[in-house]
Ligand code: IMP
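This document starts with one chain, in the form predicted on its own, laid out as structure tokens.
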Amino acid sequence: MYRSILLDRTMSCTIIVGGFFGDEGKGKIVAHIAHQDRPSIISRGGVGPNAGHTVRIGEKEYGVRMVPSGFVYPEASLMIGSGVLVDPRVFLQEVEQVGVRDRIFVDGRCGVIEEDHIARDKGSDHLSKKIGSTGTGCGPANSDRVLRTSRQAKDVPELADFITDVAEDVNCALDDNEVVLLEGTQGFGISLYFGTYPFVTSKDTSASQIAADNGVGPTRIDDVIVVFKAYPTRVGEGPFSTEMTMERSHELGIEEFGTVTHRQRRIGTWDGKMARYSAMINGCTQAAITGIDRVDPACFGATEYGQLTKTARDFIAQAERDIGKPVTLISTGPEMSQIIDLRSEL
């Protein structure tokens, strides 16, 4: 039986979610934890292909919208929980692109995004212009799902080879004391229930929802890692209380673009109030901070806490006070190895 480095105990189930508006760097955190904790299953919750995760290994960069970003750990089975919307075209393309056909599975109860959903998404002035939708069809697909008129993944012949009961598979793995990672998408700030409504996505994005998306009961969750970005970003419309001007972000050398839409991200400063509220709703047990090298470039590539500058350490200390939980993972650059992992010190 494998014992996780986290608290030196048998590990069951960890949820990883975004604490701000998305684009926090969850993909890298999932990839790192996967290589360290060696899960047997990495399963995705969240909305659908409207969220992109980027993972960089060496000089190679991967951007995925349907395949779990933990795919870079080759020993895990990859799954998409029943709460997620699946676009068969995007899914099949990514499966071939990253070479995971023999180890990825889709719950047969997943909702399906049709061409009509994408057309309705892009054709709606309310969604495309006011809300700033990604145009991937998720909102209309979830609407049809609620109305009980949409197809499920098990109804799509092209997906037949991938169909499974994710909830049963995940719970059986937990019964066998295996390590399971549940991977969230989007960020807390665009949760349908808790975000800046109406400038939100089409369902909840909190840790509770990610557990439900995969059929995992709340008593089976051991840890919730909430990922926060040192400089929060937001794509699309909606309130952003700490947003800085584009001129200021460029002065700081920060210029980013969305993985899915390629729209320029709006940049803000650390929001302690939002971080605290997000940690509360998500049931955060520990936090990850990404982009510390933006706080102080001298920290770029650091792999030990002692290599951080006083400026960076002070930032982390303030973040811990705001969040109310320990910061155990600190990303110091885009590459997967550029990270400080303090989980064994808890």
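One-based numbering along the sequence shown. No experiment lies behind these values; they were computed from the predicted model shown.
Same protein, other form: the form predicted in complex with the named molecule, not shown, and the subject of what follows.
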Heavy atom within 4.5 Å of the named molecule in the predicted complex - residue from Met274, Ile104, Val200, Leu159: Val200
Within 4.5 Å of the named molecule in the predicted complex, heavy atoms considered, which of Ala51, Ala287, Ala34, Ile292? Ala51
When you measure heavy atoms, are Ile131, Thr136 and Ile190 every one within 4.5 angstroms of the named molecule in the predicted complex? yes
Might Arg263 be said to contact the named molecule in the predicted complex, defining contact as any heavy atom within 4.5 Å? yes
Wondering, does Pro88 line up within 4.5 Å of the named molecule in the predicted complex on heavy atoms? no
Can any non-hydrogen atom of Gly195 be found within 4.5 angstroms of the named molecule in the predicted complex? no
Consider Asn214 of the chain shown here, and say whether it contacts the named molecule in the predicted complex, taking contact as heavy atoms within 4.5 Å. no
Look at the stretches 104-112, 206-214, 147-155, 228-236 and give the one with heavy atoms within 4.5 Å of the named molecule in the predicted complex. 228-236
